[in-house]
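Read the single chain below, which is given as structure tokens and is the form predicted alone.
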Amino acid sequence: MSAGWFRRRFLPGGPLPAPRPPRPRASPVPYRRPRFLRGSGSGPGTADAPRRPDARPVRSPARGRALPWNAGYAEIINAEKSEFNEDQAACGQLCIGRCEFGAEEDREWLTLCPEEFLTGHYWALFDGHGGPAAAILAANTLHSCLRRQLEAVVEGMVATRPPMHLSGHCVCPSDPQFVEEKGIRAEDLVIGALESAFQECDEVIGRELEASGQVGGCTALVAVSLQGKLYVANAGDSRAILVRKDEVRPLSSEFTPETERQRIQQLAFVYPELLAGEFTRLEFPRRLKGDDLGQKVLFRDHHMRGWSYKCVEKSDLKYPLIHGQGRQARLLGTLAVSRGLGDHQLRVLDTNIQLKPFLLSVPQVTVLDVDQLELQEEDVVVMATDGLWDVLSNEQVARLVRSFLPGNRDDPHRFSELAQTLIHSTQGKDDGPTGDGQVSYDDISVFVIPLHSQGQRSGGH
């Protein structure tokens, strides 16, 4: 984004936008669960959910309803933390080329391609906050944004090396050399399409929520299979890992106020107006008190990975830009994540300070070259919202995967049953993998994606 746009959009004193004529308010985004859960046997909403956390129903697709690559899915609603399940999920086939939407209503989404050019698959998890609306909009929208972005670059994706000009016209004889020197590959076009799709989806969510008078945001974790590679894009604190017999490989990083401290502090340094004189951008080991005035205390600023000392001034007693540690860290005392979609209307309590300038909708994209792996039958990717990872570590999830799959090879529904097992392991069983009866009271959604045999068919022309 340009500095000029940023100042006009978020900072006081800039030119006021021209008033827009009022338009009819859109209908609120209706609450729903993923359509691939139809017929799963659980009642809608949360009205029938038992009050005991260990008795909350776990939902999975009905037997006979196959997801892409025979992936498994399971979800559980929070322990009445909110009225609805704020997680959402989506999956389906991804067809790039001249596409028309299918009319088959009970598919989550399916693009039918009479003349398909390139095909792949898509799995996505959205963890909402401030209500379910943003996550529902993301589940309904992001795949369409991604398809449009991929269609804009698909000719370059299937070329031996992406051309400088998509038309094939060579303005400069050295163009191919410049592309080669930059090391630009087809996967870079997919990464760019994912980044642009997240940005586009974020803008759509902002418009729709403003029009309907709703608020909220969501994190987004997406896996896309194309041309023999699996692209994992993450904006938020959900997580994806690759589990193999002798390996556990993280496929995403969490984005929280702590992990992005320097980026957030840098923004406050460049645009101090964003803090409206109410916050300090400096980080201290704890919230400073009046008794600390004049003392030399530990601190760090945007340019520092290490720590130093400074003499405490009155301005240092303001509430910190990032406060708390670990899972309790909050941005401007409000949000636990630093990337995601939505939250355009979110402000700090009792102030007019916007959080959106500090939030990025751009994901980090990790590329797994599936075709280069010597895949085994039990190799899977586990994607889950943060409610699972609050209780289970990567290694604990891997142990559950390795203990469950070998004994259930003949069960066609074993990946959904594994997803259910992972969720049950967060519900306070003393004999669970943590051994201490820890309970996750958050919404949890889990995809288990098998790679063996399916991965070898991931790229189609």
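What you are looking at is a predicted structure, and each value in this text was computed from that prediction instead of being measured. Heads up: residue numbers just count along the shown sequence, starting at 1.
As for the form predicted in complex with another copy of the chain, it is not shown, yet the points below apply to it.
Asker: Which pick from Asp371, Glu378, Glu208, Glu195 sits with a heavy atom within 4.5 Å of another copy of the chain in the predicted bound form?
Answerer: The residue from Asp371, Glu378, Glu208, Glu195 that makes the contact is Glu195.
Asker: Which pick from Leu317, Val179, Ile353, Leu118 sits with a heavy atom within 4.5 Å of another copy of the chain in the predicted bound form?
Answerer: Here the answer is residue option Val179.
Asker: Sort through 340-348, 181-189, 89-97, 135-143 and report the only stretch with a non-hydrogen atom within 4.5 Å of another copy of the chain in the predicted bound form.
Answerer: Result of the contact check: 181-189.
Asker: Mark Val270 yes when one of its heavy atoms lies within 4.5 Å of a heavy atom of another copy of the chain in the predicted bound form, and no otherwise.
Answerer: Yes.
Asker: At the 4.5 Å heavy atom threshold, is Gly333 in contact with another copy of the chain in the predicted bound form?
Answerer: Output for Gly333 is no: heavy atoms all beyond 4.5 Å of another copy of the chain.
Asker: In the predicted bound form, does Ala124 come within 4.5 Å of another copy of the chain, counting heavy atoms only?
Answerer: It does not: once another copy of the chain is placed as it appears in the predicted bound form, Ala124 has no heavy atom within 4.5 Å of it.
Asker: Might Asp292 be said to contact another copy of the chain in the predicted bound form, defining contact as any heavy atom within 4.5 Å?
Answerer: Output for Asp292 is yes: heavy atoms within 4.5 Å of another copy of the chain.
Asker: Whether Val153, Met164 and Met304 jointly form a contact site for another copy of the chain in the predicted bound form is the question; each needs a heavy atom within 4.5 Å.
Answerer: Heavy-atom distance to another copy of the chain in the predicted bound form: all three under 4.5 Å.
Asker: Since the partner is left out here, which residues of 282-303 would have a heavy atom within 4.5 Å of another copy of the chain in the predicted bound form?
Answerer: In sequence order, Glu283, Phe284, Pro285, Arg286, Leu288, Asp292, Gln295, Lys296, Val297, Leu298, His303 come within 4.5 Å of the partner.
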